[in-house]
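Here's a solo chain for you in structure tokens, the form predicted on its own.
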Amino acid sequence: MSKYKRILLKLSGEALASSENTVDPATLDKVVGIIKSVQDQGVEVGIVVGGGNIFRGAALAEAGMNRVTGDHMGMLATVMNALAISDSCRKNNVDVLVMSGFPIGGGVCEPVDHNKAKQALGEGKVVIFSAGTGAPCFTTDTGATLRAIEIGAQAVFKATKVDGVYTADPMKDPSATRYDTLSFDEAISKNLQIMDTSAFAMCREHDIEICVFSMLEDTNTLSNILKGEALGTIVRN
């Protein structure tokens, strides 16, 4: 039995891509399989997905585009990724609800409503939150933390390419070591940029744990963490 009743899973847009496709159907099915295994443990799952596989607002701004315009494009990219995940959920018989941080008509998805989201989660649906916070100049890390607070999640699980938070970039420094646990104050003071400082601060204030882990390399990792195995890095008060 998991110690968490409800979690928020933060996925990057890049995690959904392959060398051939901006959104890879095989990866989507793998993600949905992981979600189903978590639900089988009695855990309710909300998801916030990024859009970096399609557009990244900050990078567009560096190239000369207006930052607000670039961020709006990035938020729309997250909607596309959310719809792709929801389509794979439905094909795999997983009930799902997609919500957007700003209104989108035509029956594409619903605007974020924390009460509707909590009701849907309680009914066994996966709720996918797109369009970040609904405002420019905020990252999806901050959006994930905000949605976790709104739905009363006990933890934010951030899926990354590495299996936790390290003392240095393990891709560049082979002597880097992984933290098993960190406090929010340590994560902020050490300037560990695995998540935004604002996201760390919001989770600290609301006593929401953050788990940084690698999800797709071993599809059992998230399920095993929920069973109590010491995998990834836990950031807590």
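This structure is a prediction, so every number in the text was calculated from the model and none was measured. Numbers follow the displayed sequence, beginning with 1.
Below, we turn to the form predicted together with a small molecule, even though it does not appear here.
Shown here without its partner, the chain carries S12, G52 and G134, all of which come within 4.5 Å of the small molecule in the predicted complex through at least one heavy atom. Only one listed stretch (68-76, 107-115, 161-169, 85-93) carries heavy atoms within 4.5 Å of the small molecule in the predicted complex, and that stretch is 68-76.
In the predicted complex, the small molecule lies within 4.5 Å of some heavy atom of R56. Taking the partner from the other structure, the small molecule in the predicted complex has no heavy atom within 4.5 Å of any heavy atom of S100.
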